[in-house]
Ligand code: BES
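Here we start with a single chain on its own, the form predicted on its own, put down as structure tokens.
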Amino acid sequence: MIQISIATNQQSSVSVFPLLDGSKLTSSGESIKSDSVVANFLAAGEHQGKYGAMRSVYLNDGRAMFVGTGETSKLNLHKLRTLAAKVGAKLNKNNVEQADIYLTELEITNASLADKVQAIAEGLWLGLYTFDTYQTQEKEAKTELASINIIVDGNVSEAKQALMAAQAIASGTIFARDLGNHPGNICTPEYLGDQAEALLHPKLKTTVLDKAAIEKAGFTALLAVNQGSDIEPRFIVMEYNGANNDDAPIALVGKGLTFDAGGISIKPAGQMDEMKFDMCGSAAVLGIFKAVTEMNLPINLLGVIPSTENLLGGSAYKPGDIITSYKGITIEILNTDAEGRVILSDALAYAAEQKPAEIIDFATLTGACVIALGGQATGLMGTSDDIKQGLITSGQKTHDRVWEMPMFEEYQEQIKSKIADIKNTGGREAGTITAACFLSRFVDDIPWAHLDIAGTAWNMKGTDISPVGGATGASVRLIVDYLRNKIEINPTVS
């Protein structure tokens, strides 16, 4: 349990103090500096505030743990978030039952108390994340980390509100991580549908279409990709009405490939197991909805998730096939492993039909994006400068970062087909961009942004906070911040 406390209420056995660069202390640390053990530790200059270094010393009335913060001029909210994650993991590993944390005393440029509390709490929850569902060995008995007090000297009410937001965002991120980390034989399209239906809220309505309903609705591109699998597809629609009924929703569309072998254009065997993560776009949408409903945000959202496997079989769609999408656009299939954009075509066209205010889609779409940006940032493309700038701003704040790539009109030439309307790959050059060009054909004139999370959805470098690796929950922090900013800018949605 993580809670807000004031310094005079501290009662825990371990107190965590920031140690600044050069072995300097903040006010709380200064209050125990006269203790001979602390004085000796500081005099030794063991790590002198090196970022992330931790050392405990035993006092007469408990234990003090000093955590290095590095150069104070380089501190930002994400470094604070990451530091808190390291602290939480260390406390848990050392069998600490209760702890007081004084990290809010750190000075961070342009950061309020609420900002710091939210970052610390997010870090603590995400740093304590585990995924051991399938481990059967009995675990070693240990003391549970029962409570952490984030010590504040200021507006307690404001801090508690920030804590509640952090809990919801961490909950959504962890939900997305769990979905991504489950293996493909567990996390099937049906399972995703069940998880969507399990998100209960008075303002949330969820509809899950099975194969028969998908056929009736005419989501033919999704059905084409599903042909090689014995597992039925699902088409998931979520409607959250937290604002006025007349307010057009923001549509969030997530790619739900629960396992992708590449189809007839089969992937190399090495690391194919990681293709269980190809549904992390859908996990992001579900994680965002979980966070938004727990926060009860006053905004309208539409969630759309097309879900299937992409496997080989006698009925599998083939290179050279021409399929007709839900929108009526014909698609020449040149590579069956470029399937994500194919199923998203139906989902985006459906979302556009609902006349949302804007559309944002999430997809582990192209290996080319990993080559271009690695695991440090999500690829961003789209038709709306306002959406893109909003995402860039939120990415900088949450460190769930995005980087814009161009979508010049000339790139559209690469997906023109000689025998159909478009083809599902534009070749090796500008692969991430031409994939976005493909998607752009299905959103009509609705303001739209595309997030290619192929490099950030799992084993992300530089932005992830997870002691176990695997799925990261990429885009949950990003979009929740983006939505909260929309509410502040457009108060009519409340």
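As the structure is a computational prediction, the values presented were derived from the model and not from experiment. One rule holds for the numbers: they count along the sequence shown, beginning at 1.
Form predicted together with the named molecule: not shown, discussed below.
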Open item on the list: Taking any heavy atom pair closer than or equal to 4.5 Å as contact, tell me whether Thr206 reaches the named molecule in the model of the complex.
Closed with: no
Open item on the list: Does any part of Met238 reach within 4.5 Å of the named molecule in the model of the complex? Heavy atoms only, please.
Closed with: no
Open item on the list: Test of understanding: in the model of the complex, would Gly154 fall inside 4.5 Å of the named molecule by heavy atoms?
Closed with: no
- [ ] Decide whether Thr364 counts as a contact residue for the named molecule in the model of the complex under a heavy atom distance cut-off of 4.5 Å.
- [x] yes
Task: Residues Ile250, Tyr326 and Arg441 all lining the named molecule in the model of the complex, heavy atom within 4.5 Å - done: no
- [ ] Consider the chain as shown here, without its partner, and state which of Glu339, Asp400, Glu309, Glu122 has a heavy atom within 4.5 Å of the named molecule in the model of the complex.
- [x] Glu339
Task: Of Lys116, Arg177, Arg234, Lys255, the one that lies within 4.5 Å of the named molecule in the model of the complex (heavy atoms) - done: Lys255
Open item on the list: Only one of 330-338, 129-137, 157-165, 388-396 has heavy atoms within 4.5 Å of the named molecule in the model of the complex; I'd like to know which.
Closed with: 330-338
Task: Residues of stretch 255-276 in contact with the named molecule in the model of the complex (4.5 Å, non-hydrogen atom) - done: Lys255, Asp260, Lys267, Met275
